[in-house]
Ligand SMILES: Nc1nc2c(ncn2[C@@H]2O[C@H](COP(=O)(O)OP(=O)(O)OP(=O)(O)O)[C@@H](O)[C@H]2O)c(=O)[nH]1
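Consider the single chain below, provided in C-alpha cells and representing the form predicted alone.
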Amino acid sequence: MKSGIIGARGVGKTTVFHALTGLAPVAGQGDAKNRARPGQIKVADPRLDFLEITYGSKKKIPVELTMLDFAPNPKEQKEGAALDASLLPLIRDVDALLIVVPEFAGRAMPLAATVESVEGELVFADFDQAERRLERLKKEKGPIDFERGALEKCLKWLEQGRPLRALELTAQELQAFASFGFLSRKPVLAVANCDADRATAELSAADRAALEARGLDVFRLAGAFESELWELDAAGQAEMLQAAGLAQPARDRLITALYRHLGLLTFYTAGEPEAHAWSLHRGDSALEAAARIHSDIARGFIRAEVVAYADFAALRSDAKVKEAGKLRLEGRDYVMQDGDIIHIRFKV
C-alpha cells in the first residue's frame, strides 16, 4: 500500500517522511525525473512473530507500507499555494493521501481550513479531468451513454466542491472510473505536524465536526521529535517516548490509524519456508486474498483451508487444529476475517 505525503510548502512534509521512515533528506532529490522518494515502514506484528516461531519458518515477511515524499518544484508551487499542481499526475496511483498541516510554533495553520483547501485542489483536478473526458465522449460513437451519465453525475457533485469520496457510486460506475485515478476519491488522513507537547492534544470540537463531515480523520505527529528517535537505540527511544507521554513511535501509531481509516485487515500464510502477513480490504473474498498472494493461485483457485489466528494460537499446531475441528474449508466467496491463516488449494 502506497501513501503520498502532500501539502503546502514549509509544512514539514519531508520531516514527517523522515519521522515515519528514518530516511533523511537526500541532496539532489529535486531531479524532475525522479521526484517521488519511497520509504518503507515494516508493520510490527506479534501474531506474525508467533507464527514464525511456531512453524520454525526460515523467513518472515511482514506487511510493508510505502510512504512517498515528493521533491518540491519551486516553479510550480508558489508560496501560500495549497498544493503543487505538478504533483497531481504523480499521486494518481497512490492508495491514500496524507495531508500535512503544520501546528508547530511559528508556522501553525488552521487544521480544518487547510485540509479543505488542499482537498479543493483535488476536487478541481477531478472536475477538469471529468469535464475533458465528457467533451471527448461527445465526439465518439458507440455505447457510451452509461459513461456519459456517470460523468455528468460526478460533475454535478464536484461543482459543489465536494470530494468524490463522499459520492455514492454503483459497482458499475466504479468499474467505469477504475482507470481515471480520481484524486478526491482517495482516502485522506490529515497529519497534524505539531510540537512534542501537543502530540496527544485533542482536536477542537469545530475541527472535529468539520473533518468528520468530510469523512476525514486526524493523526497527530511531532515530526521533529519523532525524527530524533531514529538517532537512539531501543532503550533510548522508549525513555524518550515515555517522557513525552507516548506509548508508541509515530510510525506504529500511523499504521493503526491507516488500517482503521482504510478499512484494512491482515491475513497470513505460514509454514516452514516462510511466515507471511498480507493486507486486504475488509469485505474482500478468499479469491481476492488468493490474488494478493499470486495471480496464478487466484486463477486456479479450488478451495481455501482457513483457521482463525486465535484458534491456532490456542492449539499451536496444524494437527491439533484439525483434530479440534477448527480447520474450515471455504469457497472463493468466503469473506476474509482479520487474523485468518489461509492455505489455498489451486490448480493451473
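Keep in mind it's a predicted model, so treat the numbers as computed, not measured. The first residue of the sequence shown is number 1, and the count goes up from there.
The form predicted in complex with the ligand exists for this protein as well; it is not shown, and the discussion that follows is about that form.
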- the ligand in the predicted complex has a heavy atom of only one listed residue within 4.5 Å, and of L155, A224, L90, L241 that residue is A224
- Query: Using a 4.5 Å cut on heavy atoms, which of L83, A270, C194, L216 is close to the ligand in the predicted complex?
  - Reply: C194
- Is there a heavy atom of P72 lying 4.5 Å or less from a heavy atom of the ligand in the predicted complex? yes
- Answer yes if any heavy atom of G331 is within 4.5 Å of a heavy atom of the ligand in the predicted complex; otherwise answer no. no
- Might F180 be said to contact the ligand in the predicted complex, defining contact as any heavy atom within 4.5 Å? no
- At the 4.5 Å heavy atom threshold, is M336 in contact with the ligand in the predicted complex? no
- Heavy atom contacts to the ligand in the predicted complex at 4.5 Å, residues of 1-19 in sequence order: A8, R9, G10, V11, G12, K13, T14, T15
